[in-house]
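Single chain ahead, written as structure tokens, the form predicted alone.
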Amino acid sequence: MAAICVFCGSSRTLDLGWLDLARLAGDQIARRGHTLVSGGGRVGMMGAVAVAARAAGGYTIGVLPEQLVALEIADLEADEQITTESLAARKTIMIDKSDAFLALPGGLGTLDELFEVWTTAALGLHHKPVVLVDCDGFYAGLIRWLSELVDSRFARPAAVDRLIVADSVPAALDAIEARLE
């Protein structure tokens, strides 16, 4: 099966609904036989997705920069924990170890990771699926803005179309699996 990298919030003060979404993602990734690649922390949604994946029998790989080990509290229960020297090295390893990318709700770090993998895909540096889960309209403003970028010719339609938007975790995983067949 595939190694699916999940980008999501690592905030400690999250609404329980977002934590439930992360748990669903981890559970479904594992139940479908995939490996989870995550940011390597055990707080917020990032921790919830990893704990749920392991609870469902999944294999987890965490990638965490040295500077964030204390802040994001390293997920020491990960089946494989990789510590990097920088955030840039973290993203490179996450891209290399993953067959697909799934972005759940999150903040600046999530957007940074999403845009990195999406941009490199749009440039043809990899052909891995990149899926954005727009649950409850969380990313509606971003999606609208992306459409405006195309309208004003700051982005090519083909580049924007590389981002797959799904409204649920099952739909996102179905889209990933369809593209990996």
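All residue numbers refer to positions in the sequence shown, first residue = 1. Note that the coordinates shown come from a computational prediction; the quantities given were computed from them, not determined experimentally.
What comes next is about the form predicted in complex with ligand AMP, which does not appear here.
*Asks:* Looking at 49-57, 110-118, 28-36, 140-148, which stretch has residues with any non-hydrogen atom within 4.5 Å of ligand AMP in the predicted complex?
*Replies:* The contacting stretch is 110-118.
*Asks:* So, Ser168 and ligand AMP: in the predicted complex, are they within 4.5 Å at any heavy atom pair?
*Replies:* Flag for Ser168 set to no.
*Asks:* Is the gap between Ile82 and ligand AMP in the predicted complex 4.5 Å or less for some heavy atom pair?
*Replies:* Contact with ligand AMP, no.
*Asks:* Determine whether any heavy atom of Ala122 comes within 4.5 Å of a heavy atom of ligand AMP in the predicted complex, and answer yes or no.
*Replies:* The answer is no: Ala122 has no heavy atom within 4.5 Å of ligand AMP.
*Asks:* Closest heavy atom of Leu68 to ligand AMP in the predicted complex, within 4.5 Å or not?
*Replies:* Leu68 belongs to the contact set for ligand AMP.
*Asks:* Can you tell me which residues in 79-109 come within 4.5 angstroms of ligand AMP in the predicted complex, by heavy atoms?
*Replies:* Residues within 4.5 Å: Leu87, Arg90, Lys91, Gly106, Gly107, Leu108, Gly109.
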